[in-house]
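Considered here are two forms of the same protein chain, supplied as structure tokens in two stand-alone entries, structure 1 and structure 2.
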Structure 1
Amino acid sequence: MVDEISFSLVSILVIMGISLAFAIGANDETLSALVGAGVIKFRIALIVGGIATAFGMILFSQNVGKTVGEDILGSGVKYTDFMLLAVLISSIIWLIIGSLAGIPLSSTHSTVGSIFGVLIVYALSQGGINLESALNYDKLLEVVLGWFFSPALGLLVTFIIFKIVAKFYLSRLRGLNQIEKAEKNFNWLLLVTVIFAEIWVGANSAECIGIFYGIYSSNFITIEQYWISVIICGIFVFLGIFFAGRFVIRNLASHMTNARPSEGVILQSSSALILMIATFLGLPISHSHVIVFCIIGLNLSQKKEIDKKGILKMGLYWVLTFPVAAILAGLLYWIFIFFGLS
């Protein structure tokens, strides 16, 4: 009976994980700059972007997945299926709240916060494990520092790249025809950088791959099943972009037809670079946070006005994400324990 429950739960977790991959694709707005610039046909852009994200997720997400699924846990601590269920449910609830508030919340922060919450409750409720050994605090600190450094680095890199490109190229363009011609060349670079960015967006999708790594490292599935799940996630992230992401992308792209492809290239290459470094370091970071700070960096470099109120509001939600997700997940897991489902 217990095995049956466990099998059903793992099946639910796998389905939820795959759905998360679909949701990641559905919410991915990276392609909008490319579609807005009209470089390639919309359908082709969706296919190319979807393949790149799937490719990144399948080939490069292991480091980040391992951090979330294993390294962040204390020595000898393993996930239970109810822990993972609590993590997934609380992440989803918090993300829905964020969507209703119109704030782009980080699913990565939400997932790691939820993991923190369930592990604290786990340590408090289980004998033999204390708060100090429930989590790998060094790894957690690395992850949290990554959340602060990655947007700051995104801002700085974008600022510097723009200054260099402006000094040696953009500021030398005098007429609209010349600017137009230069921007046409940037269009093709934009295609390359967006593909590059999509690869690392897929690769840093910790909330999805981390769950599967957790299921695997807790011996609910075998390594073969883990890889099959990762490939299925890759396929679903592609399907998410192709079938659901198109609406977000088309909507954002319609506002970006006047945007300069050169700025798109700088933004996408900066954020992709940060995501790539973080992925190789095994740090799950928020793509949306990085891109927002890259935009701030771009505006600062052009001495444009910055919406300080908007940033403060966003910052508040970002800071709240970790503790709220932790409390929510902890509470859920405590309810599970209360009913004997630990």
Structure 2
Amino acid sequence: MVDEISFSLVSILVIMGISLAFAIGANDETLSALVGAGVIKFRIALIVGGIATAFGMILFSQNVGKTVGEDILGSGVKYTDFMLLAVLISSIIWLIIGSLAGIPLSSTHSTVGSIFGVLIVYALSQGGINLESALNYDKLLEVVLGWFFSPALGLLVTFIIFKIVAKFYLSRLRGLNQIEKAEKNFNWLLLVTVIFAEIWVGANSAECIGIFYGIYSSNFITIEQYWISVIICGIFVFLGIFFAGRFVIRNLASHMTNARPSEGVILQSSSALILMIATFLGLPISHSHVIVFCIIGLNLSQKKEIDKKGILKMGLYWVLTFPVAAILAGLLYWIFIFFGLS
């Protein structure tokens, strides 16, 4: 009977992990610049972007997955099945709220916040475990610092790249014909850079992979089952973008109809570069934070007005994500403990 319950619960965890992959795809906004510029048809953009994201998640997400699924835990601490279930439920609920509101939230903040809340409750409820040993605070500090440094780098890198491109190329264009021709060329370069960016979005938005890494490292599944799950996650992140991501993408794309393709290329190149570096370092960061600060950097470089109201609205959700996810996941896990399930 115990084995049957464990098998059923692990099956639920697998389904929930795959659902998280879908939710990550549903909350991805990378295609907004491409759709706003009208380079290719909306449906084709969803397909191309979804494939690129799935490709990145399957092939390059392992470092970030290991951070979420193992390294952030304290020495000797292993996930239990109900700990993982609480993390998954909390993360998915918050991401769905963001998707329905048309606001790109951080899947990283949501998942790491959920893990934090669960581990705090775990430490308080288990004998021999204290708050100091429940978490790997050095790794957690690296992750949190990455959340602060990555947006700042996005702003700085975008500002510098635009100034360089403007000085050595854009400022030398003469007449409307030259400008229009240059922007048409940037259209196809934008397509390439968005695909490149989506690959690293998939690789870094690997919270679902982290969950499966946690299931594997806790000996609930085999290495073969782990890799099958990774591939399935890639498929479902594609489905999330195609069927549900269109709401966030359309919302942001509607504000980008006047943006030049050259600007989109600069934005996506900057964010992709930062995501790629963070992925190789095994640091899960927020792409939505990075891209918004890239936009701010672009506006500052052009001395344009910044949408402070919109940024404040997104900022409010960002600030709320970690504590709300932590409280929700901690509460769920406490309920499981209260009913003797964990």
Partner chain sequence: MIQLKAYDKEKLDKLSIDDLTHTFMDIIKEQTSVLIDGIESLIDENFKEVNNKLNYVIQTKTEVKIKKRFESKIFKSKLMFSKADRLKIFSKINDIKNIGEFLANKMLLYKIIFPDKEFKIHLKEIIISLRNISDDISYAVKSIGTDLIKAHDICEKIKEERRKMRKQEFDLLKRLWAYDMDYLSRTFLYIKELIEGIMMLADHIKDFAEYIQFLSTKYLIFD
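Just so it is clear, the structure is predicted and the values come from calculations on it, not from any experiment. Under this definition, the rigid core comprises the largest set of C-alpha atoms superposing within 1.5 Å between the forms. Along the sequence of structure 1, residues get numbers from 1 upward.
As summarised for this chain, the first structure is the form predicted in complex with the partner chain, and the second is not. Relative to the superposed rigid core, the position of the CA of Phe162 differs between the two structures by less than 2 Å. Once both forms are fitted on their core, a CA shift of 2 Å or more is seen for Asn27 between the two structures.
Once the rigid core is overlaid between the two structures, Lys66 does not reach a Cα shift of 2 Å, moving by less than that. We note a C-alpha movement of 2.8 Å at Gly240 between the two structures, with the rigid core held in register. On core superposition, Ile249 has its C-alpha offset by 4.3 angstrom between the two structures.
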